[in-house]
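In structure tokens, the next block holds one chain alone, the form predicted on its own.
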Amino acid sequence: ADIISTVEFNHTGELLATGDKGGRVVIFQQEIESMPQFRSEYNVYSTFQSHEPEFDYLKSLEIEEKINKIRWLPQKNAAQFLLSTNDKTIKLWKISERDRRPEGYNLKEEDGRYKDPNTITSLRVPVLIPMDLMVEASPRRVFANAHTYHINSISVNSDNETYLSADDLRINLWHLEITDRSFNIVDIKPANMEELTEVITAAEFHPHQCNTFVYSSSKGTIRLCDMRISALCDKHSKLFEEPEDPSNRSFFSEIISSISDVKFSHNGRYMMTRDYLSVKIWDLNMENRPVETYQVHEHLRSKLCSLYENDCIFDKFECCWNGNDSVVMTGSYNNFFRMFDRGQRRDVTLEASRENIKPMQVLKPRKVCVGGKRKKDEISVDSLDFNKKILHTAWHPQDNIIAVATTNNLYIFQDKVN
């Protein structure tokens, strides 16, 4: 139940939310330290149960409580709002602080019992008195019954009043105030399910253009749609696809080309996609090939057969941009995660594990050796642990602070301050 299933910073980076397999959401708050070198100290701010296990009696299916995605809404007042979703139901949560309570009621005692009206002889003005800070999470909206298949993505629009939710075959558009109806904007379900050749794997709104969104497919294509053209966006405006190199063709080509995550850059010019072995950066103005391709774990290409047998080949790795879009990050196996510096064309492999980590210790770059003689600090590709994997990562929107989720641990790293 403690397995972390999603990680997300809010728009200022002050709060970090994680969702887990048991349906819980844990929010961490950044401590404002007097010493700037400890600026990434995050402590638990609020914990609440977002989803409970349910049972679909019509289909005789259990709906698990696992949180698939969390998305923060931009802050408009003192409270914070976030959307969390499991496979079927999306909820809008309000997280607010209370540090005062009313005292001095006229019609009831302090313990809540009502007074006999005949005993009231004078009128008191109730007052607010200070109390210990309480953080309350309350569900404000429940968006249910709109998805036949499992929800894999939610994305808040830049207009801040609508959002999309995507499952394997359809994408719906919701208004944040309206729970009883949504608009279907993409439907790729064939009339005959035997003709099904691909599914939707991820979807996201453009960060600035409220009419544009993209969705990726299990065939390795990304479609960009414009909601101004028609109400149902089954016909895409752009199709991003890289032709396959025939020399690399194998039995596993189709599986490893499936895109597990798609993310727009903050400036809205590029988008990044993650497939099983690589991260690709696409310029929205060029559809025929990516402008940058980074190999995440090319050393696994020779191991695809055993990865297929233990089902790891179907793992869905996420990817993220740093605040100014100059570096991208994604996870790998053996609790390794990779960073690629786009300007300097450098990359680094780091490890998140308890064994070799003390607080404030500098991480050592790791190297995987493929065949040949292994150097002292390298790890052999045969000794990688495929049960230890980093699927979920997040980058602070302003600072070089990253959150990395291993199976049931959350690691927070920051760049070294001299």
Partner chain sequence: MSDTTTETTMEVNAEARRILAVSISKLYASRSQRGGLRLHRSLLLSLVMRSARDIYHSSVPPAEPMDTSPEEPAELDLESGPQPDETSAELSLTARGGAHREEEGEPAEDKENQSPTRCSRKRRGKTSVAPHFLPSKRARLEPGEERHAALPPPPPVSCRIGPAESLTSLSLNRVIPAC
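Numbering follows the first chain given and starts at 1. Small disclaimer: the values here were computed from a predicted structure and weren't measured.
Beyond what is shown, the protein has a form predicted together with its partner chain; the following relates to that form.
- Remark: Thr148 counts among the residues lining its partner chain in the model of the complex, judged by a heavy atom distance of 4.5 Å or less.
- Contact between Glu62 and its partner chain in the model of the complex is found at the 4.5 Å heavy atom cutoff.
- The shortest heavy atom separation between Leu196 and its partner chain in the model of the complex is within 4.5 Å.
- Among heavy atoms of Ser265, none comes within 4.5 Å of its partner chain in the model of the complex.
- Of the listed positions (Asn334, Asn172, Thr330, Ser258), a single one reaches within 4.5 angstroms of its partner chain by any non-hydrogen atom in the model of the complex, namely Ser258.
- Interface residue among Val127, Ile178, Val291, Cys305, judged by heavy atoms within 4.5 Å of its partner chain in the model of the complex: Cys305.
- Of the candidate stretches 207 to 215, 135 to 143, 117 to 125, 186 to 194, only 186 to 194 has residues whose heavy atoms lie within 4.5 Å of its partner chain in the model of the complex.
- Looking at 70 to 95, the one residue that comes within 4.5 Å of its partner chain in the model of the complex, counting any heavy atom, is Asp87.
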